[in-house]
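Given as structure tokens, the chain that follows is alone and in the form predicted on its own.
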Amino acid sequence: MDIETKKQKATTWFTEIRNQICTEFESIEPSGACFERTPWNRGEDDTPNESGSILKGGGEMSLMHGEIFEKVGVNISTVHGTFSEEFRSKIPGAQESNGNFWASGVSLVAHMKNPFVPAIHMNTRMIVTSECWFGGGADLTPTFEFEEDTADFHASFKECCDRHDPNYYLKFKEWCDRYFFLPHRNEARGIGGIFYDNLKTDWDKNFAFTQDVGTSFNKIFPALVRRRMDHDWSESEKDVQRIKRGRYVEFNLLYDRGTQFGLKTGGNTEAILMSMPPEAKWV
């Protein structure tokens, strides 16, 4: 299979899983709210942006605000261009490709109105420089942790990993724990999940795994939402959630590689920062 066919297959899948997730989330939301989709496009302009990178292509934001999903964004993008001299040294294979790259993926963050329903992040992507690889994962951030939810979330992704490689789950769980950590506070962002990157040895195997990550997410998270969405909550508990969201903001702005990638390559700012919660608080 040539690289262009691989790109098309990956791009098609990211759109498909976006559609599946949006449909599932809308089926949960009782307010009648639906996702509002906003396309964006950088065209084929060769003018470098402020960071020195050239970005072409575009994507589509899907945002919904409701009674259960206080704010949820499910974004897709397919972009290409040239990394700046500064940034290409941080991306595998970018030096050898003279900074040329192609990237496609789906990225999701949901902030829930009920503080007993956990926030969630999921992202899967394919990137091409002189190399070609997949990355992504999913992690759960509850304000009030339930052991049952934590166990079921991890069990779901262990089953997903085990279907593809018996070594994946422990490796990717530990990677997630290291990655989603706030060193300045010496605390984890949430209860973890899986995180992987630079899967490039077997395209078919890695693509199948990446598809399974998206499908597994779309089974386990809606189940957790339905389990907790009718839990009674108070304003004081909502305030605890706002403080927890402040930690989320800190991580995404200080450490998240996807945020840095998007901003440094000149991506759509609103789409990149859709991960920010609708309300947050710092003591």
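We number the residues from 1 along the sequence you see. Just so you know, these numbers come straight off a predicted model, no measurement behind them.
Keep in mind that the form predicted in complex with another copy of the chain is not shown, yet the notes after this line are about it.
> Report the residue, out of A223, V240, L253, C34, that has at least one non-hydrogen atom within 4.5 angstroms of another copy of the chain in the model of the complex.
Flagged contact: L253.
> If you check in the model of the complex, do K71, V249 and K281 all have a non-hydrogen atom within 4.5 Å of another copy of the chain?
Per the other structure, all of K71, V249 and K281 touch another copy of the chain.
> Using a 4.5 Å heavy atom cut-off, state whether K219 contacts another copy of the chain in the model of the complex.
It does not: once another copy of the chain is placed as it appears in the model of the complex, K219 has no heavy atom within 4.5 Å of it.
> May I ask you to state whether T269 is within 4.5 Å of another copy of the chain in the model of the complex, using heavy atom distances?
Yes - in the model of the complex, heavy atoms of T269 and another copy of the chain come within 4.5 Å of each other.
> Would H65 count as touching another copy of the chain in the model of the complex under a 4.5 Å heavy atom rule?
H65: yes, in contact with another copy of the chain in the model of the complex.
> How about R185 - does it come within 4.5 Å of another copy of the chain in the model of the complex, if we only consider non-hydrogen atoms?
Judged by the heavy-atom cut-off of 4.5 Å, R185 is in contact with another copy of the chain in the model of the complex.
> Just one of 253-261, 53-61, 25-33, 225-233 has heavy atoms within 4.5 Å of another copy of the chain in the model of the complex; which?
Result of the contact check: 253-261.
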